[in-house]
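Starting off, we have a lone chain in the form predicted on its own, written out as structure tokens.
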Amino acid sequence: MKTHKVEQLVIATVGFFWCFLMWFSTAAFSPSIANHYNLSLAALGLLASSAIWMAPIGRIIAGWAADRFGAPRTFAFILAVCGLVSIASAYTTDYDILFIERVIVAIAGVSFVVGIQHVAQWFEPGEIGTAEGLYAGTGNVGAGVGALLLPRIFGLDYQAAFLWLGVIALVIAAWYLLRGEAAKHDKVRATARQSADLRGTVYVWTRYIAIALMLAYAMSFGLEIAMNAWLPGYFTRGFHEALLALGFTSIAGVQIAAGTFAAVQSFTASLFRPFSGFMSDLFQRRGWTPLPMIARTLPYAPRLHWLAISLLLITLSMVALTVAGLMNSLPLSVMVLVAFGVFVSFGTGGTFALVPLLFPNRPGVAAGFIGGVSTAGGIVYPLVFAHTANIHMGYLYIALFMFIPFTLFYFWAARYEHHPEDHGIGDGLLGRPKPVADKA
């Protein structure tokens, strides 16, 4: 079948966009679901975090499956399963069954690493930052579109939304299967399939730099998806009086207003992600290495520095969110949220501009580990947010007790001037796996 890398990028991006839309469609209707089933704040936090439950282990398996079976088959399977369960959830009247079905639909979120592997198999190292940024950034817009448009299109009728999301997912699955190609060359495809073994997997998981990138992604994407699920409820509870003062007095009105403010973060985090990939490429071309401790002579050292700057900005913006909330200022919170979303995009784009370069022969396994385990942040953060005495203080606690240690570990792991991927846990026992062929 004759195809082109741009067509493969478009297929992966559309598939990821729809998966992201399905992934957070539950959060978009959380106020109406909470009202229909009379859920408490703690139950709302549990519902918000449930979207992420399957992501950590699911992404690890999906990354391995993409290397082993090819991205098109893996992606089409994910779309088909999630689409069918989404359709079933549209006809469910029991909350416990609905909760389980929406957890299964949330498997759609594992598709990210499959697309990352797919794009990495088609684009060269010099353009990988921009290509991965376009794929992930455009796909991530699905969450913002869901928060912004789904309540406006379907109102309180979340069942109809779940039905149509599932039907269209089945159509995209058929398209991906018919037109998707796993890799640019047979040699590239064979290399990825050969590297998807247990020894190579353990090797990637135990590298200090892989763990540091996983934590960096937990600080950026893990936080982004946590906020996607959390923010509609946060604005509803934390700024209820301000929303009433703006004229949003009905449940549907508050849901639309909260979803709109929540979408600010999602849109900025998504739209600026390609820009982050571009900035990573720019740092690389100009050779900028301004920070202490981090390596300066590695071929991709400037990309390490760009990601470190992103992590510092994310931490500062979390503190600013708490300050704005304690001031009870809705306009200031939204303004901080805009900057927050931009900084998060710097972190997400900066991380996956590095992953294919550090582990070029194991893109699926590496993406599965870094993009999978990191999503545990999407489970942990909403639970912390929901269990603090003051709803605004959770951002500060996470910045102080999680993000600062994560950033310090990143600086430490990125200090090696030669092959940082050679340093890890159990080097004496594990050794380095036999190299596989380079990319064609």
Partner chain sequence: MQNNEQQTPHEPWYKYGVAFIFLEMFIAIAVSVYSLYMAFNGLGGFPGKH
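Note that the structure is predicted; figures quoted are calculated from it, not measured. Numbering follows the first chain given and starts at 1.
What comes next is about the form predicted together with the partner chain, which is not displayed.
**Student:** Find the only residue in 239, 158, 272, 205 having a heavy atom within 4.5 Å of the partner chain in the model of the complex.
**Tutor:** The residue in contact is 272.
**Student:** Which listed residue (83, 325, 302, 341) meets the criterion of a heavy atom within 4.5 Å of the partner chain in the model of the complex?
**Tutor:** Checked against the cut-off, the match is 302.
**Student:** Among 5, 264 and 268, does every residue place a heavy atom within 4.5 Å of the partner chain in the model of the complex?
**Tutor:** Checking in the model of the complex: 5, 264 and 268 are all within 4.5 Å of the partner chain.
**Student:** In terms of non-hydrogen atoms within 4.5 angstroms, which of the given stretches 68-76, 214-222, 171-179, 132-140 touches the partner chain in the model of the complex?
**Tutor:** It is the stretch 132-140.
**Student:** Going by a heavy atom distance of 4.5 Å, is residue 281 a contact of the partner chain in the model of the complex?
**Tutor:** Flag for residue 281 set to yes.
**Student:** May I ask you to check whether residue 285 falls inside a 4.5 Å heavy atom distance of the partner chain in the model of the complex?
**Tutor:** Yes.
**Student:** Does the 4.5 Å heavy atom contact test between residue 152 and the partner chain in the model of the complex come out positive?
**Tutor:** Because a heavy atom of residue 152 falls inside 4.5 Å of the partner chain in the model of the complex, the answer is yes.
**Student:** Might residue 194 be said to contact the partner chain in the model of the complex, defining contact as any heavy atom within 4.5 Å?
**Tutor:** Because no heavy atom of residue 194 falls inside 4.5 Å of the partner chain in the model of the complex, the answer is no.
**Student:** Give, in sequence order, every residue of 246-260 that has a heavy atom within 4.5 Å of the partner chain in the model of the complex, or say none if there are no such residues.
**Tutor:** 246, 247, 248, 253, 256, 260, in sequence order.
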